[in-house]
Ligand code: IFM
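The chain below stands alone, shown as structure tokens; this is the form predicted on its own.
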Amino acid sequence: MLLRASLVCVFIRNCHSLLDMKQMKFPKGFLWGTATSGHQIEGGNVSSDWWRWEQQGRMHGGAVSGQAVDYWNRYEEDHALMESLGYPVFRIGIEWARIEPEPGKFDREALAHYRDILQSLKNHGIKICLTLYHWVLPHWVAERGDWTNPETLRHFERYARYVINELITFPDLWVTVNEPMVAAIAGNLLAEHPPFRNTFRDYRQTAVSLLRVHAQCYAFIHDAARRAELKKPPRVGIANAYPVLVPWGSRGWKGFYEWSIARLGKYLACHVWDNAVDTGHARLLNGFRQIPGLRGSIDYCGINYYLRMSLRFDHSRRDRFFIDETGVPPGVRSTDTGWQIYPSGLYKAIHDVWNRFKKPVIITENGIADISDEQRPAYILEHLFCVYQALQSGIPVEGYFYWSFIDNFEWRKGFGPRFGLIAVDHRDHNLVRYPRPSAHLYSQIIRENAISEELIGTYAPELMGPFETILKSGNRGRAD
């Protein structure tokens, strides 16, 4: 009788093991969420530099953010939708231009409104990741030279202290600055974003200013948390962009030029910032002078990852240093924005930041422009395969935030690209929200805290082979 019972127990354990092998199980407490920024969804950010540039017709097709998707007034509806879908974390931004529309004059009503928004998230059981700076400045700051003006640091310090002290009890996570090197490069080196400059001096000054801003805010947040005697102090990080840059592969000197620009671009876009936070100074940007409070000033590594760029020499692109980064090699999938889909780049980004900082990793943005929602399910799953493999290799990845919760104003591209799990047409007077099928896919992943064989078969059967390969490989290694 004992022998029979033992055999039954062994059989049950083996059955459970077989079932487990059909799942990619994520750690208990894994942070599943979505992300947005204030200017892109709130609407009516009239005191900002981006608003002014929009009115001047500087966006593609003359796009203006206008009411966007009116999150400023419809946040309660959106939070209820998040709760119903089971999205437990929301990354949201605070707009400096709303808080301080004129120098030294804080808008108490705007701050109270943000408090209402954050309290609503708490009421719906949704954790908060709060971004302090996501590219948008008050217009009065931009007029005075933005980040190239040393006085901007003093102005931002005043704003940041005010906001942090008022809102310290709400966020579980803070992002001090979003994609700081994108702001430095796109706005000051490539003239793609406001303020549309293209000098290395302005790139350098902006990058150094944002390094100082981050170090200040890191200290302010932890100081405010101590004074508030929070039971669980919030964690502070940066949401950095980590694109994959590769040469196109032209022959001869053109190929060497592509290779050189790819290496330089990666250094300017990623390594300069990471080196500075790791060591406390940015030699290329700031010489050997230490930036006070910068060294090691992250509690987690935030990764924004979207694409690979293949850099091809083009003699007509003088404005882009003779490089065309928009080409897609034959056989490579791309999004509605023409971005190459390259999931394994996410694994590499996770691996690289872990090796440098040895701090927990959170994917603070990852998403796809796909109005038809045909590619989004596979896109999400393939990138989560990479997150899973990083976890299995021993890297503490603590969360994944899909960009974006809802269709938004996609900067210079306007409302054309649709990144949202929730569809909304900005031309619709009622701005009706429609969850896409991928919204329900994401809900199921979160509910099960896993990717199952059944889910793959339902939403992306073409991924069954890679899914089984990863499981059969002993859940080790990298995604290809």
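Predicted model only: the values in this text are computed from it and were never measured. In this text, residue numbers run from 1 along the sequence as written.
This next part talks about the form predicted together with this ligand, which is not shown.
Is Tyr400 close enough to this ligand in the predicted bound form to count, meaning some heavy atom within 4.5 Å? It does not: once this ligand is placed as it appears in the predicted bound form, Tyr400 has no heavy atom within 4.5 Å of it.
Even though this ligand is not shown here, does Trp50 get within 4.5 Å of it in the predicted bound form, heavy atoms only? Taking the distances in the predicted bound form, the answer for Trp50 is no, it never comes within 4.5 Å of this ligand.
Is there a non-hydrogen atom of Phe90 within 4.5 angstroms of a non-hydrogen atom of this ligand in the predicted bound form? Phe90 lies outside the contact set for this ligand.
Find out whether any non-hydrogen atom of Glu258 is located within 4.5 angstroms of this ligand in the predicted bound form, and reply yes or no. Result no; Glu258 lies far from this ligand in the predicted bound form.
Pick from 56 to 64, 450 to 458, 426 to 434, 410 to 418: which stretch has a heavy atom within 4.5 Å of this ligand in the predicted bound form? Contact criterion met by 410 to 418 only.
Any chance all of Tyr306, Trp339 and Glu365 sit within 4.5 Å of this ligand in the predicted bound form, going by non-hydrogen atoms? The answer is yes; Tyr306, Trp339 and Glu365 each reach this ligand.
Identify, from the list Arg320, His134, Arg197, His281, the residue with a heavy atom within 4.5 Å of this ligand in the predicted bound form. Of the candidates Arg320, His134, Arg197, His281, His134 is the one lying within 4.5 Å of this ligand in the predicted bound form.
So which of Gln40, Asn45, Ser438, Thr34 reaches within 4.5 angstroms of this ligand in the predicted bound form, heavy atom to heavy atom? Contact check passes for Gln40.
In the predicted bound form, residues of 170 to 187 near this ligand [heavy atom within 4.5 Å]: Sequence-ordered list: Asn178, Glu179.
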